[in-house]
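In the block that follows, a single chain appears as structure tokens, in the form predicted on its own.
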Amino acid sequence: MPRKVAVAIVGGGYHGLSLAFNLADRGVRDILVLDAGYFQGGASGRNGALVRGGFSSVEWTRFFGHSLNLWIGLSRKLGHNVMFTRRGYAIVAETDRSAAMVERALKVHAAEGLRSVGLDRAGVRRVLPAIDADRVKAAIHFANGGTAPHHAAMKAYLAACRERGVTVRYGTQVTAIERTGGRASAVWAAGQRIDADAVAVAAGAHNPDVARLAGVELDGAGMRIEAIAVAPMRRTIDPGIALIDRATYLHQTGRGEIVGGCEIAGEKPRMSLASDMPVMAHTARHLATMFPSLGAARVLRQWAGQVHVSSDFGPLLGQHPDLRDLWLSAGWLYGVAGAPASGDLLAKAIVTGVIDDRMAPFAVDRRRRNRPIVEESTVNLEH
């Protein structure tokens, strides 16, 4: 490995590779990406693959709207097919509270120039013909939303990075981050010290632990998420779907499998890749209730993944306030959707020192400054 690099990136998932690509695209050379696991071994290989640009808050909509636009042109930008499909994305509300959120979100989207439409009962039946429309009080449809299968997108990012001279090493754990004169100055990996002009941490669920290697703390904690895949069937669902009141998400893959997951009340946060019966049972119940034709379907497989989420469930992006040249891309609940924007805007900040207005609200220290972001449309039990 090199003895000196411009930027050492800890984490070779979506966000680490997106940052590396965007740094290289801005002319930065000597970029090193280090990952303790295997390729796609973390959350970047265990996710719902869903992409949308619209949320209920201005901050989330500006950031993820930018990311959606990048997704649309990403295959051309990388020179490799990420297989992003604009099949649409729908947010479904079943309660008065969520229906009111839908109305507020539509106003935000209109103000920010994001393409979204509210669906009446007829619109719900047209866009989601398999859903029990009588249960739906309000819905939003994003025509430009869709899905991005991780196997294609991650392969594309890795290939584009290597073509631009980025060194990527999997199975190589960072064991220490050195501090010199109030800045992050080096990393240790494979028994070797590597000087760095800047260190970036994009280690998924392990972000808090990696930050502690540099002697700093991060807001938030790790949590486990689970998903199931239903055996292949004829095309039943076109867009990706968020069932807000059920904390459930789903989409149908090109192979015909319906993939989805949910959160359940009383589930204790724990860092584990073990899946369990309660989550599978709740997900199956929600799918069968909202999509009656799925009642006889078989569960094909189930799996779990780990993420690091912040206290307000928004990403943590930028330089750590307690240590110069230590940059973070952490706290990701919608990591697939946000990866292109995180790499683009974080690279801009590292190279130019300019914090883009779309990234600024997600500063690492916003909890410390009592500046949380209220976002009501995430698929999360807290909301």
Partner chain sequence: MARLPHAAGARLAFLWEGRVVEARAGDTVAAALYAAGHRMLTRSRKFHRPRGLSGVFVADHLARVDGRPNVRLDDELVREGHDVRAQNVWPDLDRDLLRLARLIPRRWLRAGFEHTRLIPSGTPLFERWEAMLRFLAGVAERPPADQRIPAMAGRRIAADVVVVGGGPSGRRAAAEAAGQGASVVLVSRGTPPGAFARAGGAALPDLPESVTVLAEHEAFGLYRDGRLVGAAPRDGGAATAIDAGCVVLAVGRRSCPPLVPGADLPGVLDLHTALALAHDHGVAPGGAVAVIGTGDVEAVARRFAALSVGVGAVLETGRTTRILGNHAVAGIEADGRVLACDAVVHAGPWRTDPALGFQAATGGALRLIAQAGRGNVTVVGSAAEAPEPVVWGGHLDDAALVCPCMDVTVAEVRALAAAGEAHVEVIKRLTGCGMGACQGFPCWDQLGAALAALTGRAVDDRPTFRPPRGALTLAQAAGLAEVVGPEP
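Positions refer to the first chain, counted from 1. This one's a predicted model, so the numbers in the text were calculated from it and none came from an experiment.
Although not depicted, the form predicted in complex with its partner chain is the subject of the following passage.
Peer 1: Do Arg46 and its partner chain share at least one heavy atom pair within 4.5 Å in the predicted complex?
Peer 2: Close contact exists here: in the predicted complex, Arg46 approaches its partner chain to within 4.5 Å, heavy atoms only.
Peer 1: According to a 4.5 angstroms non-hydrogen atom cut-off, is Ser57 in contact with its partner chain in the predicted complex?
Peer 2: Result no; Ser57 lies far from its partner chain in the predicted complex.
Peer 1: Considering only heavy atoms, tell me if Met223 and its partner chain come within 4.5 Å of each other in the predicted complex.
Peer 2: Answer no; every heavy atom of Met223 is more than 4.5 Å from its partner chain in the predicted complex.
Peer 1: Residue-level question: is Ile228 within 4.5 Å of its partner chain in the predicted complex, judged on heavy atoms?
Peer 2: The answer is yes: Ile228 has a heavy atom within 4.5 Å of its partner chain.
Peer 1: Work out which of the listed stretches, 309-317, 193-201, 85-93, 180-188, brings a heavy atom within 4.5 angstroms of its partner chain in the predicted complex.
Peer 2: In short, 85-93.
Peer 1: Spell it out for me: taking its partner chain in the predicted complex, does every residue among Val7, Ala349 and Asn370 have a heavy atom no farther than 4.5 Å from it?
Peer 2: No: no residue has a heavy atom within 4.5 Å of the partner.
Peer 1: Work out which of Arg246, Lys137, His141, Lys155 lies within 4.5 Å of its partner chain in the predicted complex, going by heavy atoms.
Peer 2: Going through each option in turn, the one that passes is Lys155.
Peer 1: Using heavy atoms only and a 4.5 Å cut-off, determine which of Leu287, Ala214, Ile241, Cys262 is in contact with its partner chain in the predicted complex.
Peer 2: Spelling it out, the residue with a heavy atom inside the cut-off is Leu287.
Peer 1: What residues, if any, in 295-311 have a non-hydrogen atom within 4.5 angstroms of its partner chain in the predicted complex?
Peer 2: Contacts from 295-311: Gly295, Ala296, Ala297, Arg298, Val299, Leu300, Arg301, Gln302, Trp303, Gln306.
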